[in-house]
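Single chain ahead, by itself, as structure tokens, in the form predicted on its own.
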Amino acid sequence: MRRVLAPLLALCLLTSAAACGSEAAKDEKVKLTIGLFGDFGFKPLYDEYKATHPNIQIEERVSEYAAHHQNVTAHLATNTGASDIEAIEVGYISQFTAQPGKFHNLLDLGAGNLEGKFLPWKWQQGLSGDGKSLVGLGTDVGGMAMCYRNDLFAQAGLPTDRDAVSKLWPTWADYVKVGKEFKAKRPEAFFESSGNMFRAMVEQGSQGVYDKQNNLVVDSNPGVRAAWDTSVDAINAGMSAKLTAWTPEWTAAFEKGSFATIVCPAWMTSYIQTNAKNASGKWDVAAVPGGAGSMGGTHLTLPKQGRHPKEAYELISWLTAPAQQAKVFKATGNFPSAPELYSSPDITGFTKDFFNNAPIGRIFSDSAKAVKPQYMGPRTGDVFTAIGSGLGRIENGQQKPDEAWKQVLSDVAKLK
């Protein structure tokens, strides 16, 4: 059955969907719910999709990042409440690929024909441990850069040209050194969140917070401890704005111009542009210290609770196709997981006025191509949250670094 069904669905994706709609598409209205965290830039695409699928209604259910994943976990545990389509960020994907029985196997719906459309490591992240079930199709990847305020750099006497800025910080130690020079001349913070800085350093390594046997290695991976120590050094130098990512205070800081740099996966450019409307041309994009790495990125999954798996699969296959990923990137900054786009002039030649005409298409294409994938364990997102909280306790004077580290190890041990 799979061998017959797969070519049919692939044909549907290459031709007018109206020509090969499902039985439900012909006979009844189908409402698909899609659970997201933040704005994925899908809304304009829904109108385009519904033009060829007039029987499909689409309802977004948007929650805050951590609450969204907690809700998905609860809905799967109680077998009720999940959307037809649920977005899962990479920090949580292993937690859900370890439960393939809770999701429709996308290989059974014909997704095997799409494998060549995605980065191999992005495809692999969506597979169950035995490789027999595909839980999610990839949307974007988070190849990293460093966004910076060129006006604040000028006022601090630092270079403003993006190539010259990139040369300031080949390593994270160099980045901290530049931050200390900045702080000697400017009142603004050098970065917004030590948790984001820490995560970037760890996700550049060959190993993160888990080994490939799903053992936590927070206390034994020297790369994790080095990232902690570098973050603490930056905190002690007064470089942090002491903000927690995704909070209202963090969002408001973009408009206030309260900090000078931020680790900048492609998707972050959308948040900057949306929340710093008064700073067009003042932001630019340089290389990230420490080399290539990926922070973030998402898969779209189909929980088995969904009532319309065929229609939901057709929708996520269309949303994650290269043509739609290219549109989302131009509109929101979410960078495609479809490698065929990385050499497309339409992408590599894309610039944005807001970022001082930085060639963000080329910058993030080069970044994505250089990424060496890192294994993500089942509770990676929760582990980063626990470590970020520990750094926050240092920033707020609640604990000394050694006390905070000790509590971090205790907190993450409870996540096993």
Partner chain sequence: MSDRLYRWDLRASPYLYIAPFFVLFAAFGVFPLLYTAWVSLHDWTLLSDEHPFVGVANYRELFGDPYFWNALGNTLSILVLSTVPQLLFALLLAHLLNRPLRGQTFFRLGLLLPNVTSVVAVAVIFSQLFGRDFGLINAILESLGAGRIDWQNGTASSHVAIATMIIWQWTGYNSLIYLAAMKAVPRDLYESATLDGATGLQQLTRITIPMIRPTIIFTVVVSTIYGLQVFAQPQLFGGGGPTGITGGNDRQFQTLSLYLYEHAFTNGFQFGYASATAWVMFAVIVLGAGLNYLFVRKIRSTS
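Predicted model only: the values in this text are computed from it and were never measured. Numbering follows the first chain given and starts at 1.
The form predicted together with its partner chain exists for this protein as well; it is not shown, and the discussion that follows is about that form.
Participant: May I ask you to check whether Glu249 falls inside a 4.5 Å heavy atom distance of its partner chain in the model of the complex?
Facilitator: Close contact exists here: in the model of the complex, Glu249 approaches its partner chain to within 4.5 Å, heavy atoms only.
Participant: Are any of the heavy atoms in Ala292 no more than 4.5 Å from a heavy atom of its partner chain in the model of the complex?
Facilitator: Although its partner chain is absent here, Ala292 would stay clear of it in the model of the complex, with no heavy atoms inside 4.5 Å.
Participant: Any of the heavy atoms of Thr73 lying within 4.5 Å of its partner chain in the model of the complex?
Facilitator: Judged by the heavy-atom cut-off of 4.5 Å, Thr73 is in contact with its partner chain in the model of the complex.
Participant: Might Gly392 be said to contact its partner chain in the model of the complex, defining contact as any heavy atom within 4.5 Å?
Facilitator: Answer yes; at least one heavy atom of Gly392 falls within 4.5 Å of its partner chain in the model of the complex.
Participant: Let me know the one among Lys256, Lys167, Arg307, Lys180 whose heavy atoms come within 4.5 Å of its partner chain in the model of the complex, would you?
Facilitator: Contact with its partner chain in the model of the complex is made by Lys256 alone.
Participant: Sort through Gln374, Thr348, Thr385, Asn356 and report the residue having a heavy atom within 4.5 Å of its partner chain in the model of the complex.
Facilitator: Result of the distance check: Thr385.
Participant: If contact means a heavy atom within 4.5 Å, which one of 216-224, 74-82, 153-161, 335-343 is the stretch that engages its partner chain in the model of the complex?
Facilitator: Flagged stretch: 74-82.
Participant: Heavy atom within 4.5 Å of its partner chain in the model of the complex: which residues of 120-140 meet that condition, in order?
Facilitator: Not one residue comes within 4.5 Å of the partner.
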